[in-house]
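Read the single chain below, which is given as structure tokens and is the form predicted on its own.
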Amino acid sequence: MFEALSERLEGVLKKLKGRGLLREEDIVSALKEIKIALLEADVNFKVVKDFTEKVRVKAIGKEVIESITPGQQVVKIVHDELCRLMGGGHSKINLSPNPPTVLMFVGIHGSGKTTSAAKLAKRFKKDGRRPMLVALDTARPAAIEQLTTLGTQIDVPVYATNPGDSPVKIGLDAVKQAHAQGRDVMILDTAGRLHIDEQLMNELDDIKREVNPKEILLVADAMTGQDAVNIAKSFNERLGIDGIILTKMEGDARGGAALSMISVTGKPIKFIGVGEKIDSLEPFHPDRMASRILGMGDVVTLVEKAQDTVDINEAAQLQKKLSEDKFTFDDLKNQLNQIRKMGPLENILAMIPGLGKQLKGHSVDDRALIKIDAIINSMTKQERTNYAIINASRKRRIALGSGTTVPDVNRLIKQYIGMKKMMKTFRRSGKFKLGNFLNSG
């Protein structure tokens, strides 16, 4: 996400950081390039104008120009203004003091409402809540079927009735059902259209008036750029939305929608969809996103993902094995599987400061992890424990059984030996503490 914009901004700011002395004309020239980069990223013109003016006023101050590191100061100003532009801080869902909390999802057809509803329900369930999904798209039986399938997948009940019932009646009946079952969160999946029309808005008005949701969340497709911003503005003016869920962020190289929506609507982006998997919905943190855009990585999100994925008991056992030099291919396989659970490898590596920049122009293939998994699965128990017994004939058998080649097997063994040597070095220095990573953040 933001790949094109990030590359342009990094280039501009790198020039500034490389200067020992900054003049006002240097900053003005850099801001012209930043303005062009933002406009090419499909950011709203008024938003760009306001952003660059705020940066200019702060950057040409005496304390910046005459500071020891003026370039670094300007980078910080750009970072802080990007944070402000995207809302300043993370905006959470407002839960009702008297359950159930009713959340109403709105948006045009194809924006990802149904999938996002299931993703959010899964997050609530993970946090110990008892969510329920409600199918209000009575015009499309396929939408009800999709929501029911997703509900089954995440083990969350879906309230749906005959297509002939009105959305308002279904919503009111669902509230009664939620009370009866002790459900504390209800997510209403409303109907969408190919475009905003009066019939759709009237229907949503009726649901809002009668069912009285705690929050109305607009689901918008980030890849539609300014169209998404205009849709958000229209829904907000008519319904008064409380927040935005921006989907398909992983495919949005420009980022215009994310950078324009809050300024244009005055409403926060609460979550972003970063993939097709049911758990690929992340809270939106403006400060972390600003760091990603400027190529600074996002270590906090990386640590959170690791904490969500890594079992503490398993981590303690792994650390013990490492300290006793008993790290096997089985342990390697388990660690790779945990990494795969954290999401696409390219996204994970991009969160590490400096590494995302180095990976530009190089594709990171998740299938490499699948290949390693297949090679290890093709080994015998003894081979996984003691790599030294893997001779030429064993390598041929392992390659044949895993659908790979002998060079692939050799490469994995070489990498494994390298890892063991590196871990031994860390052990001797006393720097290797897995708990330090898991308990950070």
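The first residue of the shown sequence is 1; numbering continues from there. Everything quoted here is computed from the prediction, not taken from an experiment.
The protein also exists as the form predicted in complex with ligand GDP; that form is not presented, and the subsequent description refers to it.
Peer 1: Let me know the one among G110, G266, P141, G88 whose heavy atoms come within 4.5 Å of ligand GDP in the predicted bound form, would you?
Peer 2: For this set of options, the contacting one is G110.
Peer 1: Considering G275, P157, P283, P213, which brings a non-hydrogen atom within 4.5 Å of ligand GDP in the predicted bound form?
Peer 2: It is G275.
Peer 1: Heavy atoms, 4.5 Å, ligand GDP in the predicted bound form: which of 275-283, 164-172, 90-98, 77-85 makes the cut? Say which one.
Peer 2: Looking at the partner contacts, the answer comes out as 275-283.
Peer 1: Taking 4.5 angstroms as the cut-off for heavy atoms, does K248 touch ligand GDP in the predicted bound form?
Peer 2: So K248 counts as contacting ligand GDP.
Peer 1: Is R183 close to ligand GDP in the predicted bound form, meaning a heavy atom pair under 4.5 Å apart or at it?
Peer 2: Judged by the heavy-atom cut-off of 4.5 Å, R183 is well away from ligand GDP in the predicted bound form.
Peer 1: Answer yes if any heavy atom of K119 is within 4.5 Å of a heavy atom of ligand GDP in the predicted bound form; otherwise answer no.
Peer 2: Yes, K119 lies within 4.5 Å of ligand GDP in the predicted bound form.
Peer 1: With heavy atoms only and a cut-off of 4.5 Å, decide whether Q146 touches ligand GDP in the predicted bound form.
Peer 2: Contact check for Q146: yes, within 4.5 Å of ligand GDP in the predicted bound form.
Peer 1: Could you run down 220-238 and flag each residue that has a heavy atom within 4.5 Å of ligand GDP in the predicted bound form?
Peer 2: Residues within 4.5 Å: none.
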